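Below sits a lone chain in structure tokens, taken as the form predicted on its own.
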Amino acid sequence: MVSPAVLFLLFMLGYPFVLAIYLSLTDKRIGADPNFVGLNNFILLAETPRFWRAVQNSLVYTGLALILKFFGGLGLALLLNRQFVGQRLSRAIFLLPWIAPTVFSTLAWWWMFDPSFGVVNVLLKRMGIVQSNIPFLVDPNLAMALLIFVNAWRGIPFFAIVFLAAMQTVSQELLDASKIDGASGWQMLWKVILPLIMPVVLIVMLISTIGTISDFELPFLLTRGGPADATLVFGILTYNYSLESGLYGLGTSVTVTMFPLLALLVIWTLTEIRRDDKVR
């Protein structure tokens, strides 16, 4: 009964994955037949400073964005979990950054923070806060900060709506009992609510980690890896090698290097979820 679904997954997921591993072990170029080269591509990457710059940027980008999305999503979920006028409408509005097309929203941010004619610089100068334009997309530190901010802006609504759904499964009787025992709002959050929704939190963090560390659209549209490789991440480096230079084998090896890290992360997450279920 499940064989059609299994065959579909094997074709749609298994085949591309196996093909990627195969290409990473070859010197495949555009218009040429691949030749098996073993681990030469990975050795070349290990000797390339640009690859390690992409590793560093990807980890910083993913780590800081996840922190912002977690705390921003948690705070927004707590706010939306309260009863107030227009609650349903607010939930729908807060979802807009997440459901908006990435190309549309990213280009809007690019226009707002453009160093020459961006609306943010115009407003800052009119309010007298700055005297000259701030090079948001030209300064290496500001470019990475802006990239992290936009990613968090897009991801916080997803975190919030999932956290909100999980919070609403927490028994009200348990919360009332905690209040009677003298627990404060913060104690209820950290000692009662978060432990109960931890499996959901771990799954959301895992999904977001995989999506962020392999992100291509947002960095490509906003900074294209610049300035001076300050925002170079795995997706951009893969694009540079594979499509711009035609080195499919080398480009594919960049993506394959992410697999061990993500595999360990998935195993750890599933282990923690099972451990939590056993404790319960």
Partner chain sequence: MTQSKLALWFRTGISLYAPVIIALLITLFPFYWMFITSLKDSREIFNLQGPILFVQNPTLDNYKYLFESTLFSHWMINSVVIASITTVFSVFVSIIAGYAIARLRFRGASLLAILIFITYLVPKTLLFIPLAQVLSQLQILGEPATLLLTYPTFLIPFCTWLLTGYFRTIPNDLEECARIDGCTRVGAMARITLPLAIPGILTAAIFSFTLSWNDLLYSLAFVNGDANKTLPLGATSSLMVNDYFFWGPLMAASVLASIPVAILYFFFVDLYVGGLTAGAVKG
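Bear in mind the structure is a predicted one, so any value in this text is a computation, not a measurement. Numbering follows the first chain given and starts at 1.
FYI, the form predicted in complex with its partner chain isn't displayed, but the following is about it.
Judged against its partner chain in the model of the complex with a 4.5 angstroms heavy atom cut-off, the residues P4, V103 and G235 are in contact without exception.
Partner contacts here mean any heavy atom within 4.5 Å of its partner chain in the model of the complex, and among 63-71, 219-227, 49-57, 35-43 they occur only in 219-227.
Although the partner is absent here, L270 is a contact residue: one of its heavy atoms lies within 4.5 angstroms of its partner chain in the model of the complex. Under a 4.5 angstroms non-hydrogen atom cutoff, its partner chain in the model of the complex has M12 among its neighbouring residues.
The shortest heavy atom separation between W109 and its partner chain in the model of the complex is within 4.5 Å. The closest heavy atom approach of S90 to its partner chain in the model of the complex falls within 4.5 Å. Only one of I134, M188, I161, L142 comes within 4.5 Å of its partner chain in the model of the complex through a heavy atom, and that residue is I161. None of L95, A183, L175, L194 but one reaches within 4.5 angstroms of its partner chain in the model of the complex through a heavy atom, and that residue is L95. Applying a 4.5 Å heavy atom cutoff to its partner chain in the model of the complex picks out V122, L123, R126, F149 from 122-150, in order along the sequence.
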